[in-house]
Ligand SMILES: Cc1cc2nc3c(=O)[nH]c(=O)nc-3n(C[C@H](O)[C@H](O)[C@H](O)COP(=O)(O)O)c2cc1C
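There is one chain below, alone, in structure tokens, taken in the form predicted alone.
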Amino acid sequence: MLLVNKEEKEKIAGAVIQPFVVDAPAVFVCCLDRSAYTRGLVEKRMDELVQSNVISEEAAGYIYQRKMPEQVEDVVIPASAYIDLGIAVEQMVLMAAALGLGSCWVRLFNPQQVHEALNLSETIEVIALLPVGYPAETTPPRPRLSRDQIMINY
């Protein structure tokens, strides 16, 4: 996650369609880093987890056996990374709400323009923007489906 300052928000203004994004007091640029998925870095992280007794050497061994690219250029970001990023962003949304702040996932923007405007490393992939601030208005909650409508009992 990258929290952009006022000057950086002005740089990304041309990449977004909704003006509230750059009007928000805080905007997080949510990214994935391809370099995190190379063999060398994955093995380093696994070693750290083994040393911290978070996972066993046997579990790390299974991961070491997986085919992983050596070079960043060969990395295909796994689907699980996008899910993990989504979980992290949603936790930020929940924390913002707990603090009385509003936020909004934004996926309708030009990620390449944001990337260039912020002069990000080539290994970084911009996934979402998360503007955060005090809401200008209070809106009523949207209608929700009942539990019976979303759960299937077997």
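Counting begins at 1, following the sequence as shown. Quick caveat, the model's predicted, so the values are computed rather than measured. Only the largest set of C-alpha atoms that superpose within 1.5 Å between the two forms is called the rigid core.
A second form of this protein, the form predicted together with this ligand, is not displayed here; the remarks below concern that form.
- With the partner omitted from this view, the residue of Ile55, Leu41, Cys104, Met95 that lies near this ligand in the model of the complex is Cys104 [heavy atom within 4.5 Å].
- Three-residue candidate spot Lys6, Phe28 and Ala136; no residue lies within 4.5 angstroms of this ligand in the model of the complex by any non-hydrogen atom.
- Taking non-hydrogen atoms only, Leu99 never approaches this ligand to within 4.5 angstroms in the model of the complex.
- Using a 4.5 angstroms limit between non-hydrogen atoms, Ile87 is distant from this ligand in the model of the complex.
- Applying a 4.5 Å heavy atom cutoff to this ligand in the model of the complex picks out Arg142, Arg144 from 128-154, in order along the sequence.
- Core-aligned CA deviation for Ile17 between the shown form and the other one: less than 2 Å.
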